Structure formats: C-alpha cells, structure tokens
Ligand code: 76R
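Only one chain is included here, represented as structure tokens and corresponding to the form predicted alone.
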Amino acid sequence: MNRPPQAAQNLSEPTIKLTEGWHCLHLYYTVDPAALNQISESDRAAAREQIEQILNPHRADAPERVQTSIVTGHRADLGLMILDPDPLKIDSIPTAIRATALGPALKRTCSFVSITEVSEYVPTVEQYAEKLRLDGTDPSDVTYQAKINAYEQRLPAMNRQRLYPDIPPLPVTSFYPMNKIRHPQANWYTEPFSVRSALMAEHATSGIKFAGRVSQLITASTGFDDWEWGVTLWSRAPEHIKEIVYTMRFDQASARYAEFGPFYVGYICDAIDALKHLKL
C-alpha cells in the first residue's frame, strides 16, 4: 500500500479561511447620475430598503464587521469596509448591492483586498525587555520588571485587536494603500531586520502620541492586491487625520522608505443616512 509523504500527512485541510485573522475588503462607489435617472422612484425605494438591510451590521447573517461611510471628493461617494473569516461572505455584500435596482447607478471605482495580521515588528516580551535594557533601564530597577509585566499583560489584547479588530466609535475615517520602497538608494527589503525593526519602533512611538484621538489598523495585501499594506485610520475630528499623517511622515521609515497611494476620507454613518445623503 502506497503512503503519502509524511509532510503531506501533516498538512491541514484546504480552506479559504485564514489560520488566524480575517479577510478585509475596502470598497468605494460613485453615483452615476445618468443611470440613476433611468430608475423609477418605486424601484429606488425598494432598492433602498434592500441596501439598508444588506449593510445592516446587526443582521443575523452579516459579516463580522461592516462599516459604511460618506466619502468626500471626486474619487467616490460611498465607502464600505467589510471584515469576515470567509472572503465569499464579504463578496456577497457588493454582489447583493449590484443585484438591486440601484446597482447600475452605483459604480465601483476602487477596491482593496487585504487580510489582518500581527506585524513582524510587534516586539515579543523578550524583545521588549531587550529594548528596555538598550534604552538604559537597569534590570535591577524595580520599574524594569513592572514594565515587562505590564507589556506582557497588554500584548494578547493588542494582538487580538490587530487580528479581529473592533471598529471604534469615531466619526471620521481615512484609508490609503502604501508600499515600502525598493530602489538602489532606499531598498527597505535589503535592510537587516534589526534596522527595520528600529525604524518601525520610531514610527510606532510617533503614533502613540495620538492615542485617544486616532485609532489605526494596518492590513496586509502582499499577494492580494497591487499595494503591500492598507492603512485605515479613525479619528475624533478631521484635523487629527492630517496631523497624524503629517507627523509620521518625518519618521525615517516613512520619509525614506514609504510610498503612498490615493487617500479616501469619509464620515461614518449607517446605510440609511448614507443613501439619504447621496439622494438615492
């Protein structure tokens, strides 16, 4: 009797779900006035009710997270952010919208496919302890072990939020894709891990200054989309978006090694208010 190789025996069952974390889709629509004018008011009314239900994050079969926003500027009118373990469940949202009477009037202008992750630059407890020592904290100091214990307690919750994020109750959101530059003068991928890690630690320190004003989620898109990461920001007020992006651009990880795609800024609301605002 022929037996499969041992490596094959240890493989998990094929699946479209991630080992850990969620799939994520950012989706942007613009309203086509010509197509909208071809839809009767009765059909519009029925479609509005359908879309409100499709985008209801509390319905029984909804994806884990659904966020709706009104987008300003010429790139889009309506923005969606959807997260779930099942990518086909995520895809059912735009498919259902397209099937309504308003589908022809809602043109998809941008999409971004990514997954949640815990970055390789998030320090382990051991790496955090080493950083304390390098920063001059004496291991015999009572604060040394206290800081390590506090970080060890925070780390699991922080990593859960990265993998299975809750959408914060903040009114403003901004999304943009980004890459790390690869060219002879500044190739991120030829730098040793120790250098990259130190640069990302500086970057994180800049972001911490905005705690309470801005919340951030980084999703990974290498192999899933044309960019390497997607950055989603939420803020208490619009000016905080500008402030954090401007401040962090002075960090070397950004100033020397980052390139950015288009920015989409939106104002979070439920589907009912979004459809009213767009006069659909």
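Start at 1 and count along the sequence shown; that's the residue number. Not measured: the values here are computed from a predicted model.
Form predicted together with the ligand: not shown, discussed below.
Q) Would the ligand be touched by all three of 91, 267 and 274 in the predicted bound form, meaning a heavy atom each within 4.5 Å? A) Not a single listed residue reaches the ligand in the predicted bound form, so no.
Q: Tell me, please, which stretch of 223 to 231, 33 to 41, 61 to 69, 48 to 56 lies within 4.5 angstroms of the ligand in the predicted bound form when heavy atoms are compared?
A: The contacting stretch here is 223 to 231.
Q.
Between 178, 101, 132, 163, only one gets a heavy atom within 4.5 angstroms of the ligand in the predicted bound form; which residue is that?
A. The residue in contact is 178.
Q. With the partner left out of view, is residue 75 within 4.5 angstroms of the ligand in the predicted bound form by any non-hydrogen atom?
A. So residue 75 does not count as contacting the ligand.
**Q.** is_contact(residue 142, the ligand) in the predicted bound form, heavy atom dist at most 4.5 Å
**A.** Residue 142: no contact with the ligand in the predicted bound form.
(Q) in the predicted bound form, is there a heavy atom of the ligand that lies within 4.5 Å of any heavy atom of residue 203, even though the partner is absent here? (A) Residue 203: yes, in contact with the ligand in the predicted bound form.
Q.
Even though the partner isn't displayed, in the predicted bound form is residue 153 close enough to the ligand, meaning a heavy atom within 4.5 Å?
A. No, no contact at 4.5 Å.
(Q) With the ligand taken in the predicted bound form, which residues across 100 to 126 come within 4.5 angstroms through any non-hydrogen atom? (A) Heavy-atom contacts within 4.5 Å come from 117, 119, 120, 121, 122.
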